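Read the single chain below, which is given as structure tokens and is the form predicted on its own.
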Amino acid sequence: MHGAELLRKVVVDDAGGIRDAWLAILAAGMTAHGGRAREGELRTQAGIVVSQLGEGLAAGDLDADGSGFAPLRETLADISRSRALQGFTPTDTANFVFSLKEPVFEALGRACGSGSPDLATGVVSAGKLLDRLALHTMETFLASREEVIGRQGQEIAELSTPVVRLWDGILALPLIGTLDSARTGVVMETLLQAIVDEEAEIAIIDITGVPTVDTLVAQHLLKTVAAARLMGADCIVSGIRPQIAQTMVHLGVELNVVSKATLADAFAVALRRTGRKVVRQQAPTEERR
């Protein structure tokens, strides 16, 4: 009997037994790994996969990438994307398909008998088919997880570069963490948009939370300063600690921009440049008495 025909007959005729045996394996794995997948969800997924596997085999082809298995590939892709969002490990996701092998092999054994030459043909055919479907599942899972990680990285970068309005026309951009090329782009875009929205005259870039400043970080800072100047805003860099100042002198790094030790000092400079000053208000005479 042809491999595809044998598999189709076994999967269709013994679909219930294969599904139940597969569910038992999945449930055992779910318990061992903390039970992140609900039993009802697993039962639904297993039923759909076994049904679509039989439909694909009914087309008479064992090519997992063929049109007959397109619905099954889409179902597995949906499951993979869902598991990537839920935080499943690659092993958990791969085992979802790989664990289907055992029930299918056992069903083939029941249908053919242990000594039948058709059994070996069916096992080889089923193994190749399920291996390819598992690889498809993993490819989708990894692509989805990379997308999630990339999106989270972008969101973290945006959250770590808030622009604060200190006064009319004065903005502050406190930076936390290391500056790289990708983050510099986010910093620049965020700052320039804030300069436009607030019609700012001065932007204070505070690097108190930047662990180290080397020539590369200095270049990124200069790019941000130059972009802000093109938008009509002067920049002041604050938060240069003694250790960072020594490192910059040792490396010969020159920012070519006004710098202050603290954000408060930079804010005072910004107020003076915009014709403002902060004075202490004296208490009324009655209160002093």
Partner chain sequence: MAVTRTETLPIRTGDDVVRVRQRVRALAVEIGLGLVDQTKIVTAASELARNTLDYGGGGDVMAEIVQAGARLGLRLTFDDQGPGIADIEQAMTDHYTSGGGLGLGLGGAKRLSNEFHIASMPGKGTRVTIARWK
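Remember, it's a predicted structure, so these values are computed and weren't measured experimentally. Positions refer to the first chain, counted from 1. Each form is matched to the other, and the largest set of C-alpha atoms that superpose within 1.5 Å is called the rigid core.
What comes next is about the form predicted in complex with the partner chain, which does not appear here.
From the list 139 to 147, 214 to 222, 72 to 80, 94 to 102, the contact stretch for the partner chain in the predicted complex under a 4.5 Å heavy atom rule is 214 to 222. Contact annotation: of the candidates I244, V49, L62, L26, the single residue with a non-hydrogen atom within 4.5 angstroms of the partner chain in the predicted complex is I244. The partner chain is not shown here, but in the predicted complex it comes within 4.5 Å of a heavy atom of H250. Taking the partner from elsewhere, T208 is found to have every heavy atom lying beyond 4.5 Å of the partner chain in the predicted complex. Interface membership of T89, defined by any non-hydrogen atom within 4.5 Å of the partner chain in the predicted complex, is ruled out. Although the partner is absent from this view, T178 contacts the partner chain in the predicted complex, with a non-hydrogen atom inside 4.5 angstroms.
Put the two forms on the same core and the Cα of T44 is off by less than 2 Å between this form and the one not shown.
Here S67 does not count as shifted, since its C-alpha moves by less than 2 Å between this form and the one not shown after the core is aligned. The Cα position of A58 differs by less than 2 Å between this form and the one not shown after fitting on the rigid core.
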